[in-house]
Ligand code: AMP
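One chain is shown next in structure tokens, namely the form predicted on its own.
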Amino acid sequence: MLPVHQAEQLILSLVHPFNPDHDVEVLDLLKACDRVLAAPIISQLDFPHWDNSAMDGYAVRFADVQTCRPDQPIELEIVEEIPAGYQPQHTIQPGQAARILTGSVMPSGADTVVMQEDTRRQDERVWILTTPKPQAFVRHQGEFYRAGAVLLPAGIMLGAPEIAVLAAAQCASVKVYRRPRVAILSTGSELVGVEQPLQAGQIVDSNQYALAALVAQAGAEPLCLGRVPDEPDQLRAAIVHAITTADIVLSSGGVSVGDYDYVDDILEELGADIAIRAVAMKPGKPLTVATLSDRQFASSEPNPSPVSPTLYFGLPGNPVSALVTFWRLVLPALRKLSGLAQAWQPAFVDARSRQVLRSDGKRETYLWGSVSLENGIYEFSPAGGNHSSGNLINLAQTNSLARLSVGQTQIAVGETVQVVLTQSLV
């Protein structure tokens, strides 16, 4: 069994990120949120585009107001009012000022803005009551960004702030990486769909739905291929179809040491390079990771990224094991494949445990629960009930996994535990 950190590094070494020349598409800016930027953005605009005011007030010459104070205010003539979107018509001369609003263009001759709270106005005259700092409340052209430099680098996820920056730079469309295609199939003759009545010994294929949801949340395209019985020929055909239509294949079940666990044998028959067969983690010990090329298989639907081999994950069949393995080991691979330049691995934070956490210490153990932020400190509460890999029920409404290292058998109340968020804090 591989230690978890070694398995993670090995998996990431097998991932070939999307090609910026081939695995891209151009999208309208309004459709680009949560996509990965495939090419750097360089703007020909300065930000700000021109000197402008950061405050409602009066544009003045600092030389005129540098000696004023409340008992000796400086009187200036107002020669112009400059609202937003207006091009100033006057050059400010000694003894003059312009009424200016936030964001408005600074008039020539003025170098400082006095906020209106520090003034007194009557008709077309204004009295400056306090001495401002030189160039106060002036945003200078190019202060935030100079034209010709990289505005946004490739390999970042586009969220609302980045979309706003692109809009401000007049980028109506943007080149992004395509979404990874992830084929999902469930193995096991005991599995039935959600619409079928349950017979004795049957279970609902919840993994298909859970993995599809996780894939979609990761920004990829889930391809749900359904359920495959424990019959080698059918399973082989399903795997061949999956690897010829997807960048990553996720199967659940069939990777342990039971009499009907055929996945590893079939992968070997297909010429796969099997890199991992088991990982020292709990839940999630049975895990097969392999790479296969689709070139040897005829298909009317070629692999969307034929240059790179397909990455195959044979996940455990137990529902909790499948989800925990996805969060810990599959998600980093998806992030790297998608073109993200960094931040592939889960981000662990220190939290204070509200209850005693226990493990047998033999494998790296993950306990699911909920994290909250209390007075600036993360606090972790494990889910109630049995932490069995088959207990899907108490995984609901959790948002995090607490990690106990190999050899760590207990974390007392109030002690620190490392946790990774699986959902956003609300």
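The first residue of the shown sequence is 1; numbering continues from there. Please read these numbers as outputs of a predicted model, since none were measured by experiment.
The form predicted together with the ligand is left out here; the points below concern that form.
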Does at least one non-hydrogen atom of Asp273 fall within 4.5 angstroms of the ligand in the predicted bound form? no
Distance check, Thr131 to the ligand in the predicted bound form, heavy atom within 4.5 Å: no
Looking at the partner-bound form in the predicted bound form, is Ser206 within 4.5 Å of the ligand by any heavy atom? yes
How about Glu190 - does it come within 4.5 Å of the ligand in the predicted bound form, if we only consider non-hydrogen atoms? yes
Name the stretch: of 310-318, 111-119, 332-340, 213-221, exactly one has residues whose heavy atoms fall within 4.5 Å of the ligand in the predicted bound form. 310-318
Which residue, Asp261, Glu80, Glu162, Glu75, has a heavy atom that falls within 4.5 Å of the ligand in the predicted bound form? Asp261
